[in-house]
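A single chain, nothing else alongside it, follows as structure tokens in the form predicted alone.
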């Protein structure tokens, strides 16, 4: 390795460390604030308490918002995983055809289009369809945003998938549905589960579209957090942020740990 390459590697590591520090720094403020004993955002906290975590789980407003977000996120994870897996299989099995790039681009568009643009478009359409302020509207909108993550995760697994296994099953008399459930699905299941986790987290954290689709009776936890931080001084939002951070981090790391354990077992 040359001296220039060595310097480039060190510089890249330093840049990565700097970016990581900038991303992690806010949590070093939010997490301690969630344990403050006073109803203020003064940092560092002068006293310590668990009252804001207790308030988060006992206050009807926070509790209902949390349950709504979990219900919607679970539905989105199921629907997006099914649709995204089908789309990934279709794109992978179709080979090359005219317009494949366009189809793939349209499926990936929710990752590229600014969320405020998507939110305005979704609101305009759902207002006509009567889906604003409904669970179905939230699930449809969040599913559209989550499908690209499922496609990416499943497509990554399909790149190393041996298609001859399906051919062997078919030659032994297995029907297409049996081949899919007994051969294809078990082999691509890590990608499907990873996509489901990303879909769940995408729905759980999404706030821009949710602000447009909310109603007085139905709003998600991110919307409740946004409203709390703009209209009142309530450290409960710090407790909510800490809990969301812990849950999303655990969910994202879980597939990696399972994948590593399966590799070690092999």
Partner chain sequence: MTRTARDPGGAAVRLTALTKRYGSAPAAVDGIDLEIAAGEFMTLLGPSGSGKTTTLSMIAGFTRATSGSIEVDGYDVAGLPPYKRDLGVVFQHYALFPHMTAAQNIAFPLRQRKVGKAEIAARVAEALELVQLGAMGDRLPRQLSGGQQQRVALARAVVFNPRVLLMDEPLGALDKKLREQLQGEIARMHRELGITFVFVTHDQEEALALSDRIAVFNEGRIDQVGSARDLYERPATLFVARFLGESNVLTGKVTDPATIEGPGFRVALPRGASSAGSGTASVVIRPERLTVLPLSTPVPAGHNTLEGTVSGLTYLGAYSTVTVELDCGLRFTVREPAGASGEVTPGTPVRVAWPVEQGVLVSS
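Positions refer to the first chain, counted from 1. Source: prediction; values computed, not measured.
Unshown form predicted together with the partner chain; subsequent notes refer to it.
K.L.:
With a cut-off of 4.5 Å between heavy atoms, is residue 171 one of the residues that contacts the partner chain in the predicted bound form?
P.N.:
Result yes; residue 171 sits at the interface with the partner chain in the predicted bound form.
K.L.:
Is residue 100 close enough to touch the partner chain in the predicted bound form, meaning at least one heavy atom pair within 4.5 Å?
P.N.:
Although the partner chain is absent here, residue 100 would stay clear of it in the predicted bound form, with no heavy atoms inside 4.5 Å.
K.L.:
Taking heavy atoms and a 4.5 Å cut-off, does residue 159 contact the partner chain in the predicted bound form?
P.N.:
Although the partner chain is absent here, residue 159 would stay clear of it in the predicted bound form, with no heavy atoms inside 4.5 Å.
K.L.:
Evaluate residue 187 for contact with the partner chain in the predicted bound form, applying a 4.5 angstroms cut-off between non-hydrogen atoms, and reply yes or no.
P.N.:
Result yes; residue 187 sits at the interface with the partner chain in the predicted bound form.
K.L.:
Please pick, from 104, 115, 134, 178, the one residue with any non-hydrogen atom lying within 4.5 angstroms of the partner chain in the predicted bound form.
P.N.:
Checked against the cut-off, the match is 178.
K.L.:
Answer with one of 87, 119, 140, 183: the residue that has a non-hydrogen atom within 4.5 Å of the partner chain in the predicted bound form.
P.N.:
Looking at 87, 119, 140, 183 one by one, just 183 meets the 4.5 Å heavy-atom criterion.
K.L.:
At 4.5 Å between heavy atoms, only one of the stretches 160-168, 121-129, 107-115, 147-155 reaches the partner chain in the predicted bound form; which one is it?
P.N.:
Checking each option against the 4.5 Å cut-off leaves 160-168.
K.L.:
With the partner chain taken in the predicted bound form, which residues across 62-86 come within 4.5 angstroms through any non-hydrogen atom?
P.N.:
If the 4.5 Å heavy-atom criterion is applied to the partner chain in the predicted bound form, 62-86 yields nothing.
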